[in-house]
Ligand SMILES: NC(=O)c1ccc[n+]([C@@H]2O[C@H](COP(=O)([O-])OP(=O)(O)OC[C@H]3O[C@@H](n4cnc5c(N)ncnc54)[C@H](O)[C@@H]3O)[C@@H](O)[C@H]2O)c1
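Below you'll find only one chain, the form predicted alone, shown as structure tokens.
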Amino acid sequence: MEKNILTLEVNKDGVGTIIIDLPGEKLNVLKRQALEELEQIITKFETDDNIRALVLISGKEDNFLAGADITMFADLKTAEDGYQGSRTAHKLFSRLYDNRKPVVAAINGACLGGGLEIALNCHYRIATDHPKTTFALPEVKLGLLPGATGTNRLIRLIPLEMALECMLVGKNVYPPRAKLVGLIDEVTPPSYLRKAAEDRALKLANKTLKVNRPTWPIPQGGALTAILKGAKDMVDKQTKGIYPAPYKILHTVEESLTKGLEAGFEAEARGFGELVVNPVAHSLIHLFFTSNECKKNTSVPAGVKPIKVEKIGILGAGLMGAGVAGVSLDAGYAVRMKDRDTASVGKGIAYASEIINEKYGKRKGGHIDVFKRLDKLSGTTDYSGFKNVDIVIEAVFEDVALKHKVIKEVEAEMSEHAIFASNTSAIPITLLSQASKRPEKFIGMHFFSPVHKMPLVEIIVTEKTSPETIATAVEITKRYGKTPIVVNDGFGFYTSRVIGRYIMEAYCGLAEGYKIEELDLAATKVGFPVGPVVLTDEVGIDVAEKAGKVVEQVFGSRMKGPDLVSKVVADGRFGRKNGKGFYIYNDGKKGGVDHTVYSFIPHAYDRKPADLAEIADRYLYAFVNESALCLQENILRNPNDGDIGGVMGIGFPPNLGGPFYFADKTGLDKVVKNLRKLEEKFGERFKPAQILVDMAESGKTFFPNK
């Protein structure tokens, strides 16, 4: 027999408390069983006069309700299915909202999506000051909208601009601000939550407690039009019209505030139904599940445990090293950071401090969190203090000789149990480990810039890296709050190799006479966050030049790009970092194309208009083919890692779900056919990977169950 998810306990005062506790799971999610149990309890509450009030509380330590069980959405095959599902949720949750007896939500930990929608239908909300207590409607990140009354309830409770921000970007709201705007009515310590909630429920039933929350005017007429237009302009700029969910949210809000609540509910349900069967939502939901799978499936044998890590040593206090220091401090580690001189160390400490202050400085009581973390940061110009570190993360300049030098130096100071991790972006870890006396404790941890914002860490293992070392790198990555992918060693690993191929295709377009801005536009129109030419400026044109030369040596003519970058670099154009690249930079801000750069590129100023669709196809199929080659060559362990690494690390369009998911949905036979057409037109670099050819011929797919 299934264990109950919801348990109702009624005290002597007639206050019923629903305890939400999904058996065997760390987080509560709304499964179909939970909704059925909630309906039964609501019916009992409505008909049993002995239950005078109701409290909803979690049985988990630090989680209220993390939203709906997304696997249920697979049962919604049509837009009408989604519409009916949303309407059913409206009826159920509104039975709480419309009840003559009071309902109190007692919230400790994450209150997200459907969890917040339930809370919004309660008459009183009391939350704890626990660090994990947060409120959000993140459905937009899955290509959906809040479909269980949330779109309509939130805009009538808090300021409209704030409600739109919550729904359009899924922004978190923490208890102090939630209390200020009336999203919650009270904040209490976790240990007092249930007692306080039951007390408030009884007082509401006895009519001895008056709810005192701010009321906000609901904009109408021209004011509403202006707010919605501003929100749409923001959505246009951020999504470029690719993602339909934000527009459905805006339509629902407009319907609700101009035609009334019932019209809003109808628009919400219709919007949810249309979105849940949209390919964009399918892609984003695929990435959600795949990300979770990457965190679980890390290729570490059962029973292997990571070493205990308390202190991290960092070599190099530049933006990358200091960024790693910042996320390490945020995760609770002590950090010892080394660089060649005190000025460099000072800059690194300042940057790491900025990361911590940015996250905690503006929160109520945040200065305590800042102090606790920065108190664990120290710097040095020698190796003093490195005997006590558990792992060293190296982030020095991308030069093999220099890295070999620091590896030998620091290993002479490290304890026997400590691990060495290199943050190189392309140099093979096997090559770097040749300088190590302990190759089994040597690993790659490829971070992405800016470290504190990018969600991925690519962990690179050699044939000699021990399972314990892998487990430790994975554990650290998770503690950073990032997603790990574990790949096997090879030049460029997965991410740098594939992004290099993407950028190379743009260089080919430049050499063919296409305009810089159109080469970038072709990419962003299909969902790449930035175009490849802009990306080169960001990475550094000089860095791209060096990488390109090595790539050609390793992979031969297939990866030989046009000889134009060396001329651009010779003119002193390194990109954003020195304010001179393919684009113009003024005080660090990017302007338009620097047309003088064309003098160093074939066809000079005689540029021709591009077929944006064909250029986009070249980018996508170059990305897919190189990813498939990485899987074929056992750099990638599985397609999951390829999709997550492609999207989170190097910007493959999330709306397309990752290179392998995109290939499946396109059809592998069509992928091979299109690659062969591109090969015929542009040459060897588009020759289909054998794995694609074989799978297409056999009818196999990368994700058979999707």
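A residue's number is simply how far along the shown sequence it sits, counting from 1. All figures in this text were calculated on a predicted structure; none of them were measured in a lab.
The same protein has a further form, the form predicted in complex with this ligand, not shown here; the description that follows concerns it.
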None of 631, 193, 396, 250 but one has a heavy atom within 4.5 Å of this ligand in the model of the complex; the exception is 396
Checking 180, 234, 319, 223 against this ligand in the model of the complex, the residue with a non-hydrogen atom inside 4.5 angstroms turns out to be 319
### Task
Decide whether residue 402 counts as a contact residue for this ligand in the model of the complex under a heavy atom distance cut-off of 4.5 Å.
yes
Is the gap between residue 449 and this ligand in the model of the complex 4.5 Å or less for some heavy atom pair? yes
_How about residue 424 - does it come within 4.5 Å of this ligand in the model of the complex, if we only consider non-hydrogen atoms?_
yes
Can any non-hydrogen atom of residue 344 be found within 4.5 angstroms of this ligand in the model of the complex? yes
Counting only non-hydrogen atoms, the one stretch of 74 to 82, 362 to 370, 439 to 447, 263 to 271 within 4.5 angstroms of this ligand in the model of the complex is 439 to 447
